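Form predicted alone, single chain, as structure tokens, below.
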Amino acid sequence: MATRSNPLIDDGLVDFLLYSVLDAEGLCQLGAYEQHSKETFDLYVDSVRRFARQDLLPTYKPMDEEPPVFRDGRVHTHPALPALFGQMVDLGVLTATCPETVGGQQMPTLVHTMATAYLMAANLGAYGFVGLTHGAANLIEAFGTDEVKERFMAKMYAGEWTGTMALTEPQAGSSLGDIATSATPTDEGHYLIKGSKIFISGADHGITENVVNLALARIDGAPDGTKGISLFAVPRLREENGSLVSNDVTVAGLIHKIGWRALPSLALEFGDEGDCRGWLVGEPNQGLRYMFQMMNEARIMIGVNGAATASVAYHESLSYALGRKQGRRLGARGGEQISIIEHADVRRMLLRQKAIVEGSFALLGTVSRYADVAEHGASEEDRERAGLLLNLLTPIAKTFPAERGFESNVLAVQIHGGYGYTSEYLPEAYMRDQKLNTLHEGTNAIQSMDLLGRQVVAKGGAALRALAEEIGSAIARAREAGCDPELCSELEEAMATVGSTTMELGQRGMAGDADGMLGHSWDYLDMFATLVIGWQWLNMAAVARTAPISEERRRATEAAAQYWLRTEVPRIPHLANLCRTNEDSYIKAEPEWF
């Protein structure tokens, strides 16, 4: 069967998004990025995607088949990982967005997002060590004292040590206010940490000599709940007299996962011997606020993981559909078999995958650009507006690529037919990987409550008004470009429905009716995400009319936009009705009924 090599992500899509849709070059007008140009952006993206295709992708299947093992008290990962991690550090991936003062390139988040998506598509577990280390080191850079920065940050940014985020505890799960890990102050400036953590990715691996865990703990006497949580840097090994010694951090167990097998997930014990030392990051009792910086960055990273995992599977199923011969055209009798892509239902599945994958990347690029402007925008007004939109869209950027990405991965299995259900082909592995993206860094249900309970009502709905302006501008651009007027009207009506529904639900919340407001938060998120992806597709269709792209890409973009706006956006009134009526079948259900 003839197939074509998997590109991981469509290079033409990335260029279209960067330079035609999202104006990456325009960011060079901001002071923080004035040393950059399209040439430096292309050089970075090209080098990363070349490494992803040539070096990283071939390691994916071996690492999936040979997951880490726990032996003699240590975790042993795949032997190829140390070299791969070092290569990613040498490429500058670990510090690309960091300022030059800490060895970075101060690359825009938008460009970095598109580049690293190739790494995630090639081998998301291997890339995970880099993403986690960057997030942990960046947290120390933002909030740590000079002493803590000197002790940990430089080695992490240099790739000599890796980092993790250690939030979850067995008895607390996502309820961080219930964490029980304790921190007892000492006269030497450090704290003695005691407690248990679970699902800690990359806390032991053998890739580098040390791991720094950014852990949440409660200082003795601190308030109950989330107000009493502090953040600590807790290394696996600590420095004493110029050498590294045990810091009383013990791996209690290796968690066997169905996906993401290259990256070990561990249960940790701090302080079994009473000598686990942690260094306070920032102010006492502010740990959750600090950690949300890393968590929000991680949520966008998980969204990119979701889009990348859906993308690599989409290209795998596209390649299969082009090469697999089976059946004949409708009405034909005899003759040669045709490629299954000639069958309408296969094209339906492929177009749905395309709509999900490319809509996800457009959203993630948009959110990444907001992150750049929120931090480095030319005016305070620009920064504030971008920050509002960034916060509003982060729950969607995390959940849509994961939730709909899983659907896309299932379609990849379906297109492969019976072969898709075997480990001989890759789609089943990508499907296993994708499921985790709906769970970690806050489950999708948690994201829905954050969206409806906090983001859309923040500052009197200022973020939602800003989004309505963005969508309105896209509709006007689409009309001017000559896009189908019915599609423009469909999105305009959908925005009005979402706006009025939000107002009604917000009024319930202000009246103290929490169930009435949040009872259908998942349906609300689904509705909101469907609107947002419709916005992305209509905008891309409008830009495609004048962008320097091929006729084939323009027509493909318009087909995918039509598909989403005609088949998905019409669901919005139904979802709005569920939210407004607060359909109570599961709300009133008693536990004993199940």
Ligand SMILES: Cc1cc2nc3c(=O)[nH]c(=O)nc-3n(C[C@H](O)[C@H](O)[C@H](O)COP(=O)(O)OP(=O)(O)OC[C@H]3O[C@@H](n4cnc5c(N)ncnc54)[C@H](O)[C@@H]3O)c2cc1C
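The structure presented is a predicted model; accordingly, all values stated were derived computationally and were not measured. Numbers for residues come from their place in the sequence shown, where the first is 1.
If you look for the form predicted together with this ligand, you will not find it shown, but the lines that follow are about it.
Between this ligand and the residues 500, 174, 87, 422, the one pair within 4.5 Å by heavy atoms in the model of the complex involves 174. Screening 321, 298, 393, 436 for any heavy atom within 4.5 Å of this ligand in the model of the complex leaves a single hit, 436. Looking at 246-254, 438-446, 352-360, 79-87, the stretch with residues near this ligand in the model of the complex, meaning non-hydrogen atoms within 4.5 angstroms, turns out to be 438-446. Although the partner is absent here, residue 200 lies within 4.5 Å of this ligand in the model of the complex, judged by heavy atoms.
Of the heavy atoms in residue 167, some are within 4.5 Å of this ligand in the model of the complex. The closest non-hydrogen atom of residue 97 lies beyond 4.5 Å of this ligand in the model of the complex. Although the partner is absent here, residue 265 lies within 4.5 Å of this ligand in the model of the complex, judged by heavy atoms.
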